[in-house]
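As a starting point, one isolated chain is supplied in structure tokens, in the form predicted on its own.
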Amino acid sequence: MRGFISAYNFADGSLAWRFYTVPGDPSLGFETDALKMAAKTWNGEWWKLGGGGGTVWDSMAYDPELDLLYFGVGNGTPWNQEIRSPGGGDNLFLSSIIAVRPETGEYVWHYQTTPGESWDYTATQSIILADLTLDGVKRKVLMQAPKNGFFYVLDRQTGELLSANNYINITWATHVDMETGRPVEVPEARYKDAPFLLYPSYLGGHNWHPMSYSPLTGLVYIPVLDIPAMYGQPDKFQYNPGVSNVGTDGVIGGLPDDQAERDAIGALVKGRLLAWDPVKQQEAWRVEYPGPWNGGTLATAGNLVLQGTAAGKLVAYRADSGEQLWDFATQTGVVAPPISYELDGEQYVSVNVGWGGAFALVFGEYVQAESLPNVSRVLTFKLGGKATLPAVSWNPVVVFNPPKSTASAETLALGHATYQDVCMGCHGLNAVSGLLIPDLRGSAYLWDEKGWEAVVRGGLLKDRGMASFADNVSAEQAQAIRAYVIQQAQRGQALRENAQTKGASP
């Protein structure tokens, strides 16, 4: 879509103003001078490929003294700039932080974190406003750790870049040039001529899980994702309204068939809690986790940092040192941040628990073994609390019963490519689900060609969330997907039987 942020009148809900984040069709004119400026940084006919992107889907912050509203802008659509804006260009205001006047939506300044964005590197992540002393001068700053792996400190009055450093190891750029304010890219990272292994992945070094800042310690606490992804130029691209249209090669971006190679990739998939010093632009301490997609953080005046984990715990650490002080088994993964509040003179901490989200859906290969049930509820704590949770039963094992595979290599290749482009976002890379929704490798419809068609293209299960893809997937492609899933089910069954023969856990 074409991204925007809107303001509405509180009294009657009428639209007060709208700030579009990317220009539309130039032949129709531009809504603002800011968009006229932005259009000079675009090429091609992006408005015909879904609108250009730039959605504003997460963080906002407001400074009442400066009377400025700050928000972050998302990635381009398609991701691949070669398709979206052939010939390059910065593609403003993608992957940017923007300041506007909240009464009118008037543009004041912007800073673009990833010019010519081509990797789903949104800049929508948490925005923190603070006062920091930098080089002996007290500055009003804005801080953000967006997906691209750099931590930014900006002057929030002018948008001037004050400092930037990578908070994780990255491969797409070497550093941010402080004179130009631009990242110094690794040319191969744009995957024009050959596939490229990118850190961070499209899930980012930090995603929507909120980070927090403690004035007590001067540190920012970031739920870090450390996940690679392979990007490749597709052989051909055709805009297909209703599906992802990322413009990258889904097969190259998937997992290899060889299990040893898959295991090696899994060893690279990590997560941690990172305490970051924004003045020194360096790490203060870290806590490593078994995997990524851990919850947002809460820093308190009692020198605590609280965070829920994907492994099913709520943990309290010393904010200055990272020493673990307490934990509680939540029986389910936690991705949301805790909150702290006072009621009748007593402090409480509440957290919305439940396991899910993009990583759990897409990276099923690496969450099944450790998967926890999704138990959605709010847990509330106070000092001296003695409540306990009822037991939860959970059986995460997929029941394999696939028919024999009779498809040709050509059909399997078509099914693999179509699956990765259309189905992967919900059902997981290479047909391995994170078990939050049905794992297709255990579907009874693998035995039923007509039933599969009725589900994929006929909308038979639309009331359960599986919409019809008749406009996006042909009958031939639907059956090719089925053939590919059968192949992957047989693969999964063989791996399990082999593990059981060796006495390992299934």
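As the structure is a computational prediction, the values presented were derived from the model and not from experiment. Numbers follow the displayed sequence, beginning with 1.
Although not depicted, the form predicted together with a small molecule is the subject of the following passage.
**Report entry** Contact assignment for the small molecule in the model of the complex, among M466, V56, L69, A39, heavy atom within 4.5 Å
**Finding:** Residue within 4.5 Å of the partner: M466.
**Report entry** Of L35, L49, A61, L461, the one that lies within 4.5 Å of the small molecule in the model of the complex (heavy atoms)
**Finding:** Contact residue from the list: L461.
Requested in this report: For the three residues G312, L325 and A336, verify that every one has a non-hydrogen atom within 4.5 Å of the small molecule in the model of the complex; reply yes or no.
Outcome: No, none of G312, L325 and A336 comes within 4.5 Å of the small molecule in the model of the complex.
Report task. Name the stretch, out of 27-35, 61-69, 466-474, 41-49, where some heavy atom lies within 4.5 Å of the small molecule in the model of the complex. Result -> After filtering at 4.5 Å, what remains is 466-474.
Report task. May I ask you to check whether R156 falls inside a 4.5 Å heavy atom distance of the small molecule in the model of the complex? Result -> Flag for R156 set to no.
Query raised in the report: If you check in the model of the complex, is H427 within 4.5 Å of the small molecule, heavy atoms only?
Result: Result yes; H427 sits at the interface with the small molecule in the model of the complex.
Query raised in the report: Could you tell me if I83 has a non-hydrogen atom within 4.5 Å of the small molecule in the model of the complex?
Result: Contact with the small molecule, no.
Query raised in the report: Looking in the model of the complex, any heavy atom of L372 within 4.5 Å of the small molecule?
Result: Flag for L372 set to no.
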